[in-house]
Structures are given as C-alpha cells and as structure tokens.
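Presented as structure tokens, the chain that follows is alone, the form predicted on its own.
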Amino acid sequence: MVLERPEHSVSRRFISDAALKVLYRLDKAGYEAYLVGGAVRDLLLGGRPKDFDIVTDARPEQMRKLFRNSRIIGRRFRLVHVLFGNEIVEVATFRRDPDPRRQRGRGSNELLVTSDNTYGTPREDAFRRDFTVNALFYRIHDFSVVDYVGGLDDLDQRMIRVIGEPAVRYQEDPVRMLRACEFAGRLGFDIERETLDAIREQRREIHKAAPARLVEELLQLLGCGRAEPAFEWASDSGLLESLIPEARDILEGRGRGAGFARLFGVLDRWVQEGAELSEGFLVAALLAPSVINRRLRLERRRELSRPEVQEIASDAVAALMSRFQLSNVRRDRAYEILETLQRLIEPIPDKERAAWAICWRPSFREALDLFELLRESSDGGGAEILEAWREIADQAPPRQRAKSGGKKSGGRRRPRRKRR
C-alpha cells in the first residue's frame, strides 16, 4: 500500500534538519532514500520523534564517500552514522533475510541470526523487520508512505504484531519478545494474540540473547515513561518470571516487609514530568525494594554490621549482573546509590559532621531521590526523615559539598526534584 502526500499526516516540519539533509543528499545522488521505523510510526500517530533512522539502497562504502561527516560501525549489522554536531543520523542499507548457510553454527538447528549484512530491496527490508508498525517507510522522493506489511492497519487497530511466524522470529532474535512488551506498554497498544502466545511458548529463548543487548532494552524500558504497562505485558507473557524477578515482585507487591507495588507508576510519572534519570539510578530503582525488604527481614533477627549492610546492596547488583551485562560504571553507580540509601533510612548521626559526610557523597542526591521514589510508591511513610535529610544537606558547608560533589557520575545528572 502507498499513501500519497495528501493521504497521510507525516510532515517534514517535524523531521529533524539533519535527517532531511541526509535524505535529500541521497536522493540527489540517485539513491532511494526512506525514513523508516519508529519515527514514521510516531509521526503517523501525531507524536514528535527524537530519533530518525534512514534506509537506502546505497552501500556503506558509497555513503561514506557521499558524507564526509560519517563513519561505518558494526560487524553483525553494518551501519553508517552521519554526524551533525551532537545529533547522529543512522543510515542502513536495505537488507533481506540472510542465507542460513552463512550463519555461524552451520549444520545446527539454531535459528539465531549472527550475521545480517545481506543486502536486498525495500520490500525485502520491510519483511525482515520486527513488528508491522515499525516497518513503515516515508519516501523523500515523492513524500509518500509505503507499507508492505500491513502496518497501517495495525496502527489503526492499535496492535503490536510480529512480521512473519512469531515463534521463528523470536528464535532468530529473542530480544523481540521484550521489545513487543515495551512497544505495547509505551504506545498503549494491545499485542496480537499469536504474537503474545508465541512469547509465552518461547519465553525461555530470551536467555539466548546477548546480555549487553538485554541490558540496553531493560534500561530503555525503565526510562520510557511507560514502564508499568510494559512490565505488566512482560509479566502476563511469562518473561519476568526468570529474567527480571525484581520487576515481577514489585508489580505483585511480594515479600514480607515494605511493599512498593506502585514504584513503576511513580517512576513513569517522574519521567513524563521531565525528570532526567541516570542509568545508575534506574538500576538502583529496580533493585531498591528487594534491598530494603531483605534488610528488614534480617534486622528482625539482629542488628546488622556495616559490612553486612553493604553486602545486601552488593548481592542485589550481583544477582542482576548474572542475567544482564552491566558496565562497571552502571554497576558501581547503582551500588553506591543503594548503599547510600541504606544510610538514609538509618538513624541520623548525632554529630553534624558525620551527617554532612553522608551528604557530601557523590551518590547522595540520587539516593535521596530514590528514598522519595520509595516513599511515594509505598504507604507514604518516611516523610519526616526525608525532610530532615534535605535540611541537613541544605545546611552542609558549601565548600565541603562542592569539593566532594564535583566527582562525575557514570550516567546523566538528574536535576534535584521539586519537594512534594
């Protein structure tokens, strides 16, 4: 199906200048050039995309000659990044399904794709993409929207549907199962029955996905502003059972001790209000309920030593790392926030300088935000302690705070939230 310019709502006014420059230069050089994927989907839904991906029949080497401000990246999937200051426009060559004989593990029954540089046509490229709503093309030559896979109908029906046989597509790339839940949650769509049933049947295949890719999807999901419905879809499909039990327990309010069933809903609200959350904070937020509940259980028996308290945070991060490949920066930052959080829920030190020393920690502000997140997502207790720590932080000597607060964190800095 092709929608001519008067028949659709995609407007160049809402496409970045950098992406338009790439599209026009490819077209002027005689190549086919399309905007593709999430940007087209969101523009048709009336959204304002932040990222713009482009697909073309030009090969990476040809694009490298055409754009001096570009670089070729990747081995499994070669792409071209065209650089415009801080903006990167990603450009791929049309691809088709790779020849199974050229896959690693030749002779096995594995469907996992390990090489994906087999070039093809626009139609072949559309059919190798993940979901119908992500396989729509906007052609710059005549400003038309091109649909080879029924994505326009699924947009109208607000439906996430895998292109092709779901069970096969999940075996080719198990991360697609998590992405289906993410898109359904983010867009407020339903998941088509066969697409969802196949996730339930193939959910254990998710462990075959590269841990580095899984952690990127997890962080993207946590920070998308619709984490709660996305995790609910993942729970309903069985993905959370072994992959992210921390999220499952939060949703179900499990565990003796404090319940934080509203945590993802509060986190989503913060993101929608414009809060900038570091990746370390997102990881710490996922782990905090299990850290707090484990500590509460242990403290019912006896008083814990400082090393034992630190071990609680360390064990939580290590358990996540056994399933996801966290970078050292993310791991260390999450641990620091969780360890500082535990200092905040303890009795406030009598000596001013001891309390100030906690405030001077680089992780203090994010730990304080995490304290607020937990308070808002549970029964609302702890407001007095939270306010007391804010007052102590405000009274801490500026020189001391500036000296230790200048240390850079691994993730993006999050502005101090307004007090509630």
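When you see a residue number, it is the position in the sequence shown, counting from 1. Fair warning: this is a prediction, and the values are worked out from it, not measured in the lab.
Only in words, not in the display: the form predicted in complex with adenosine-5'-triphosphate (ATP), which the text now covers.
Novice: When adenosine-5'-triphosphate (ATP) is placed as it is in the predicted complex, which of 64-72, 34-42, 370-378, 355-363 ends up with heavy atoms within 4.5 Å of it?
Specialist: Stretch 34-42 is the one.
Novice: May I ask you to choose, among S290, N134, T195, Q202, the residue with a heavy atom within 4.5 Å of adenosine-5'-triphosphate (ATP) in the predicted complex?
Specialist: That would be N134.
Novice: Which of R186, R343, R294, R139 has a heavy atom within 4.5 Å of adenosine-5'-triphosphate (ATP) in the predicted complex?
Specialist: Answer to the contact question: R186.
Novice: Is K351 close enough to adenosine-5'-triphosphate (ATP) in the predicted complex to count, meaning some heavy atom within 4.5 Å?
Specialist: Close contact is absent here: in the predicted complex, K351 is far from adenosine-5'-triphosphate (ATP), nothing within 4.5 Å, heavy atoms only.
Novice: May I ask you to check whether R128 falls inside a 4.5 Å heavy atom distance of adenosine-5'-triphosphate (ATP) in the predicted complex?
Specialist: Yes, R128 sits close enough to adenosine-5'-triphosphate (ATP) in the predicted complex that at least one of its heavy atoms falls within 4.5 Å.
Novice: Closest heavy atom of K50 to adenosine-5'-triphosphate (ATP) in the predicted complex, within 4.5 Å or not?
Specialist: Close contact exists here: in the predicted complex, K50 approaches adenosine-5'-triphosphate (ATP) to within 4.5 Å, heavy atoms only.
Novice: Using 4.5 Å between non-hydrogen atoms, is D173 touching adenosine-5'-triphosphate (ATP) in the predicted complex?
Specialist: Looking in the predicted complex, residue contacts with adenosine-5'-triphosphate (ATP) include D173, since a heavy atom lies within 4.5 Å.
Novice: So which residues in 295-321, when you check adenosine-5'-triphosphate (ATP) in the predicted complex, have a heavy atom no farther than 4.5 Å from it?
Specialist: Nothing in this stretch is in contact.
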